[in-house]
Structures are given as structure tokens and as C-alpha cells.
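As C-alpha cells, one chain now follows by itself in the form predicted alone.
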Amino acid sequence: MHHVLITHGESGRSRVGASRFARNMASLQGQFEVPYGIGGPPTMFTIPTLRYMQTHGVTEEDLARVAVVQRQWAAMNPRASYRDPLSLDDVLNSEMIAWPFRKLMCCLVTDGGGALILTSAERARDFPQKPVYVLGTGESTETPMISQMEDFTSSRAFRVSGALAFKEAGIRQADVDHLMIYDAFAHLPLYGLEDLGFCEPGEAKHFYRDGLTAPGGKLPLNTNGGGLSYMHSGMYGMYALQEGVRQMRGIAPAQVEGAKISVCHGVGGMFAASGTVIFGNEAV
């Protein structure tokens, strides 16, 4: 095998070809979580988020600020679903979905798709597009039930997958120029910053308060606008990877000048699983 085509397509909004979702009541989640009112991602993420907020002094404004910064990046992306300016008041006055999440703290629901080609470094040199190299990868699972997380203020899956990828790539957090963290809801970039080792527990809120992840900041994060403003078809990982590749090629709409290393971090199954991929634009 010499080349791999990785594809993804999903009709998250139009539901074309989608089957009706039926929850398996004999599953662990069906037996031990659904009877207590679980009704989808907004109601699953609330419990750990509230514990995280209580433990680390994170406010509603901090969650709202994540959405505001994401919109600043989306404003520079002509393909983003929403590009109009967004204020803290706009987010905090949007419809309440499930405490503490308001509508503008929740991911979009869109159709979408994408593809990537994986090949050898030697073959990639012959292509017209600038090659992007996979420097490190990591993946991990923690639990199929969010209620059974080891610690509601941190994802073990995040910590394990991130550490594996950084070790394989042979880099440190200080080497990273660009970061993508799957932002299905506004709290996830906060968890990601801490669990990937970019700051100590409880400090991620200051990255947003101080503008460190915003345009012009020292750690550009979710530069396509993310799942909160760019798009989210249901499974967002492909689009995070594509943005990392574009940044490494120097062709992203909101290009980070001089970026050489990009970290793309995904989440699956309500903190249950995680994957981390580190890209570089220089051969090693």
C-alpha cells in the first residue's frame, strides 16, 4: 500500500440518508445514565463542566469568551458559516440550552465533508502542493460513560493521547505554533489547553481573558472558526485536521505567519475517546 485516501462526509443538518437514532437501552449508558435525564451531548457535558467551573473559578463569561474568540477567527474565513462580530452579551443573552450552555456556546449543526491523502514523505515531494509531515500521533479512551470519568475537571483520554503524540514528535508545548482543539462546546478548548500541557489546571481561562488564543495571540487556536462558528456536521475531526494542514502549507484564510508545527486534538464520545495528531512543514 502506497497511498491512503481518508474521507468523511456527513449530512448533520439536512439528515439526507441518515437513519433515525435509536438509543440502546441495554447498553451501559442506557441502563445507568439515560434514566437520570441524559438527552444528548448538551446534557452530558454539563456535569463535568459545572464541576470544572466550581473547582477552577471559571465563569459563564469565560465560556462565552471562547465563542467570541472563535468568531474572530471565523470572520477571516470566507467559508465559515457565521462571520458577523459576536460580543459577550450576544452569547450570554442567547437561548439557554442546558445549564451552563447557551445556544452560542454549542456547536453548529451543518452538512459537510472533506478528504486528506496520506502517502510517503518521498512521494509527497513530487506533488505540486507543499508536503505536510505527520510528526506524532496518539489516541486513548477513558470510559463509555461520562458519569464514570476519573476526574470531572480533566480528561484522562486527553492527557494520554496528547502525551503520546508529543513524545513521538519529540517536541514540547513551547515548540507549537498553531493549535486545533475540537470545540463541540465552549468548554472543550479549556480542557484541551490544560490536559495537553499548555498550562496548569485552572489556568486556561486566562488564555482567553488575555487574548493568547485570539488573532495576534501567542498560541493561535481554532483558526478556521471551529465547531462554534465554522461548521460542525456531527463529527468535526476531519475539518480540524484540514485546517492544520492548510496552516502548515501557508494557505489558510487566517494564516499564522511562520507557523512550523501544528497540533490537532480531537474528542469523541463525550470525553470517552481522544486523538492527537502533530503536523510539521519541515522534513525530519
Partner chain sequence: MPNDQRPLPTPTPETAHFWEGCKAGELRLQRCTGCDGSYFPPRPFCPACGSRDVEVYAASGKASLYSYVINHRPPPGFGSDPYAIAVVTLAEGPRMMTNIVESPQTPEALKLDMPLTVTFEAFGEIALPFFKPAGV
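Residue numbers count along the first chain shown, from 1. What you see is a predicted model, and the numbers here were worked out from it, not measured in a lab.
As for the form predicted together with the partner chain, it is not shown, yet the points below apply to it.
Taking non-hydrogen atoms only, Gly216 never approaches the partner chain to within 4.5 angstroms in the predicted complex. For Glu150, a non-hydrogen atom is located within 4.5 Å of the partner chain in the predicted complex, even though that partner is not displayed. Though the partner is left out of this view, Glu33 does reach within 4.5 Å of the partner chain in the predicted complex, counting heavy atoms only. Among residues of the shown chain, Ile97 is one whose heavy atoms approach the partner chain to within 4.5 Å in the predicted complex. Ile38 is the sole member of Ala259, Ile38, Leu63, Leu221 with a non-hydrogen atom lying within 4.5 angstroms of the partner chain in the predicted complex.
Figure note: of the listed segments 139-147, 193-201, 68-76, 208-216, the one touching the partner chain in the predicted complex, with heavy atoms no more than 4.5 Å away, is 139-147. Of the residues in 228-263, none comes within 4.5 Å of the partner chain in the predicted complex through any heavy atom.
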